[in-house]
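Just the one chain here, the form predicted on its own, laid out as structure tokens.
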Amino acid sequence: MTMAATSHDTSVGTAAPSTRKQPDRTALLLAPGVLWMLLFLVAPILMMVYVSFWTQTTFKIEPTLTLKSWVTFFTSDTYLGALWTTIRIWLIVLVSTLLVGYPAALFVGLFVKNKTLSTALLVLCVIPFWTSFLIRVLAWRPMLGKEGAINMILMKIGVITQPIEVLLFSELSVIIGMTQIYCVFMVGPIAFMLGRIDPSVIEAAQDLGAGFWRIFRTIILPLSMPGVVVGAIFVSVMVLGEFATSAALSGRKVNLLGNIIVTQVGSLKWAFAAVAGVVLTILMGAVVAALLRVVDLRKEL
């Protein structure tokens, strides 16, 4: 009896340190990531919020707290116009990337049975990223210009008699450029989710007499929704923070919040830039939170 009690105490004694070490090990593993997030995400956001309340004058900024910059932002037609333009272009680009990217992802992820060929097609989608972002943006100028490739082709085949001037240095050119640049971020996640669909499920639906559109509506689309949400988050975050594409393709005629921030920072108006940055961060957070409510990504992925 005594030996049994002794062995039991020994086993409890040896188990206790192992359970005590587990939280310590978890904390050590989490520490670098948490420290990184605190230093390079949380601290900059808090500093941006703090600076947005500083007193901004024409030539200097003082750390005296005031709401003047916030009042100026929400009473200025320039700032509010940039905010609504940002939201409008984001919605249009989000829809256009989905309309262009979903059929491409459907072909690559579902219709192409050869995995090697499917991977090769996805790599082809990524090839433009082998060049500089700025080069990819500026490459649209000779395509969309008054004497550009698109106008020349349309005139040669007789579709138009005069060049379409609205193709360049307009909101349309910004939307075209952003759609081409960010479409791949919609294709990748959707193609990944479509590739996970069991072909036997679709075959069973076909055997039961279901047509393509019914299969698409009841099987393919619901199972691909996590990919659509992930792609929408990628596209939304990048489009909402854009400034280079609008500046290069609109001739500075289209002002997004990103362009406002760049202009204000260049003018050393840190408080105004911080206000625009806080508004943009809140907008991004709201969009991502809304998209995450569409699908439970933890469960689906």
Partner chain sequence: MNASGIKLGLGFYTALFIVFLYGPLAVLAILSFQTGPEGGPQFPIIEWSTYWYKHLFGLTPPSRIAPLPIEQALVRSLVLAVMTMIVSTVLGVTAAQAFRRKFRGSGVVFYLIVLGMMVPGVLVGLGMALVANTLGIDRHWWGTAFVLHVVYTFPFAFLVMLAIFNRFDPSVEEAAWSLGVTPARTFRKITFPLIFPGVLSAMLFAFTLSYDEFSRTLFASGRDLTLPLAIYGTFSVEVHPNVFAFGVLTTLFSFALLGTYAVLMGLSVRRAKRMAIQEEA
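Positions refer to the first chain, counted from 1. As the structure is a computational prediction, the values presented were derived from the model and not from experiment.
Heads up, the form predicted in complex with its partner chain isn't pictured, but that's what we're talking about next.
With respect to its partner chain in the predicted bound form, the three residues 172, 201 and 294 uniformly fall beyond 4.5 angstroms at the level of their nearest heavy atom.
For residue 53, no non-hydrogen atom is located within 4.5 Å of its partner chain in the predicted bound form, even though that partner is not displayed. Mapping the unseen interface onto this chain, residue 218 falls outside it, with no heavy atom inside 4.5 Å of its partner chain in the predicted bound form. At the 4.5 Å threshold, heavy atoms of residue 84 stay clear of its partner chain in the predicted bound form, well away from it. Of the heavy atoms in residue 104, some are within 4.5 Å of its partner chain in the predicted bound form. Proximity to its partner chain in the predicted bound form, taken as heavy atoms within 4.5 Å, picks out 204 to 212 from the listed stretches 86 to 94, 71 to 79, 159 to 167, 204 to 212. Proximity to its partner chain in the predicted bound form, defined as a heavy atom within 4.5 Å, singles out one entry of 225, 100, 197, 155, which is 100. No residues of 76 to 92 lie near its partner chain in the predicted bound form, the criterion being any heavy atom within 4.5 Å.
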